[in-house]
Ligand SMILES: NC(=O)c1ccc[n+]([C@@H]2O[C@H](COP(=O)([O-])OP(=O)(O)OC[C@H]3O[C@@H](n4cnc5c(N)ncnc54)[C@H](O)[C@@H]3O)[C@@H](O)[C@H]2O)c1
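First, one chain by itself in structure tokens, the form predicted alone.
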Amino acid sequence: MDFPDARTITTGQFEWHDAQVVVTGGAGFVGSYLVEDLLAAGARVRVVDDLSSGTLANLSHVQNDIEFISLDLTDRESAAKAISGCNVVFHLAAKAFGMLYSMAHNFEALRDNVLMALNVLDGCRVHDVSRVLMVSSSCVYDDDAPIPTPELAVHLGRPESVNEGYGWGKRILEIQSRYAYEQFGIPISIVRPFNAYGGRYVWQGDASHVVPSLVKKVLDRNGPVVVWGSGKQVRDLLHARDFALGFRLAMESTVDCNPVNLAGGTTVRLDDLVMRIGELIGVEPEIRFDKEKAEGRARKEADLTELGLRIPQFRQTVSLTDGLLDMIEWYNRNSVAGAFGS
């Protein structure tokens, strides 16, 4: 699906032409949009991705314009190799999964995300990188955080309970970034994304995230659509293309290591989302609520005051309807090709 061209939206505070840029996680469904954006701006891009959740298919249309390296960022020497020769780093790579998998793998989520962030930052120090963007998460916020949620300090309460290991990993990423910023003077931007969705997502069974999971359940038409919990959970959604735009604009203008929420202000209840997906494909899904399953925070909604003040150029360019159509089209095309499992 073609979207409005967001590449012309800029703060004008950084010249991308001929910049040597690393995008970790650049084969992912957000990272691949960022790679496109940076290439269009004239940057030279190196993609670093172990393809555990991304896919080279997301980069097939730009494969001749990028350098691609597959390696493990939890290894210190590999991370340093990934950054060598580059002066700008976007760290998107993460071990992030849906609630069911995440709740059962807190140790791995904490370990892997902490190691990757630490090794990337250390590589940036060694190679004297001039700018870094570190991607945190809305999962750093406590279940009882105020709604809408402002940029709270990471020492308050515990992270989101259904993603606790991941949330701690991202809190530590922010602390690591602060130390690197203060001790070594590395200009660092930190963003806290809320719920991403869109095409180019790779479904991973029970490890898939909530919006992709619901899209798959509706499109597969295998009986009632099971929604965990009450279905009244509210999520703040932003298309992957707009996250990529927000990451670039943040890198251009907010390298003071102070985190900023990134979301579109498009909130939707999960039961309403299921019906909306059904409307787009011409069906009326039967919904079954499994109240024995965890439903996560009742409401995840970002306070976007700081985003508006610090990155006023940012705006949502992909509507929820167009974004869902994009995801539906992507799933249909790839499921026919046998690209996704159950």
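Model, not experiment: these values are computed from the prediction. When you see a residue number, it is the position in the sequence shown, counting from 1.
Another form exists, predicted in complex with this ligand; not displayed. Remarks below refer to it.
- Out of the listed residues 256, 72, 220, 142, 72 is the one that sits within 4.5 Å of this ligand in the predicted complex by at least one heavy atom.
- Of the listed positions (216, 235, 95, 127), a single one reaches within 4.5 angstroms of this ligand by any non-hydrogen atom in the predicted complex, namely 95.
- Contact annotation: this ligand lies within 4.5 Å of heavy atoms from the stretch 192-200 in the predicted complex, the single such stretch among 192-200, 221-229, 157-165, 144-152.
- This ligand is not shown here, and in the predicted complex it never comes within 4.5 Å of any heavy atom of residue 177.
- In the predicted complex, this ligand stays beyond 4.5 Å of every heavy atom belonging to residue 251.
- In the predicted complex, residue 305 stays away from this ligand, with no heavy atom inside 4.5 Å.
- This ligand in the predicted complex comes within 4.5 Å of no heavy atom belonging to residue 301.
- Contacts to this ligand in the predicted complex (heavy atom within 4.5 Å) from stretch 106-123: 116 only.
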